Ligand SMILES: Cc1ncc(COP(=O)(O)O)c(C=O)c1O
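To begin, one chain is listed below as structure tokens, in the form predicted on its own.
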């Protein structure tokens, strides 16, 4: 009766089951997987919701690619990040996840392939499957820093490859696509008429003090789709506004935009109130972004200090983002370790296999929790 696009098994995993059981029993759990900025004690303006109540929000005049005023606000965001993007090359979406779905519809027929990085966020496989697209993994290598497995990418390309997906900054490794890797990927994809999809939602969260470069600053010849949104850049996931900037050869860009206009016109998913309020929300998000960045830096420093000098635990230094990865002794499986932390220490962390780390044993911790909560949870992890 049901579509084969869905996973054959929808059961909860062991970590989720144990967590639910402990919560039901009233056990207080320190959640070091929390990446929702609205639930970690940050201050949000009390009048934030009022921005959605402008009289213009009552009028429905849909624009497939998004309202002009909202796209102007997004263009100013790109300018703040050091990138000039024309208004007519910006497409608004309901979320980054929806942006992926729109791009898969634009680029792929059923059974076509998209290359995805590993480790990375585990949503890509399901998103592609729902659009009948096949994902082909490529590795990120860690040798003092993260880099693309160029040989792996080149060998993974086939006649059905339609796009290479890069996440920069990566979630959860915190790695950033290097200038050399970007130029190499640009040449590879342009020569084979393959698009680049660049997920840059964490671009504002450099953890080393220097400005991060957008992929489109270095990719100039391949058709490229750069993804961003309010969820991370402004700490406003509840507002459901994402965007895509299209760059590359003008003829390809225009074809892509005409097709995206048709696809977006079919759904018209972005709500009018959030588009009317986009400029105000982005402005308000600057203060929230600053608070998030300060929080992440405090927790990262605490983690660095607690792990320093230990021979059994290594912190993989992130360049950007909201997470930190700890490499642990592989004396037990990641799942066993995470379950033991839940049962004995009452702290929840993500195992590395959730993000397709190639081997054991890695733990992924969010840097968003309140500093005292993070410190307590980290101490429990290291104690165990």
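Since we're looking at a predicted model, the values are computed, not measured. Positions refer to the first chain, counted from 1.
Beyond the structure shown, there is the form predicted together with the ligand, which is absent from this document and is the topic of what follows.
When contacts are defined as a non-hydrogen atom within 4.5 Å, all of 96, 121 and 231 contact the ligand in the predicted bound form. Only one of 79-87, 285-293, 163-171, 307-315 places residue heavy atoms within 4.5 angstroms of the ligand in the predicted bound form, namely 163-171. The closest non-hydrogen atom of residue 204 lies beyond 4.5 Å of the ligand in the predicted bound form. At least one heavy atom of residue 199 is located within 4.5 Å of the ligand in the predicted bound form.
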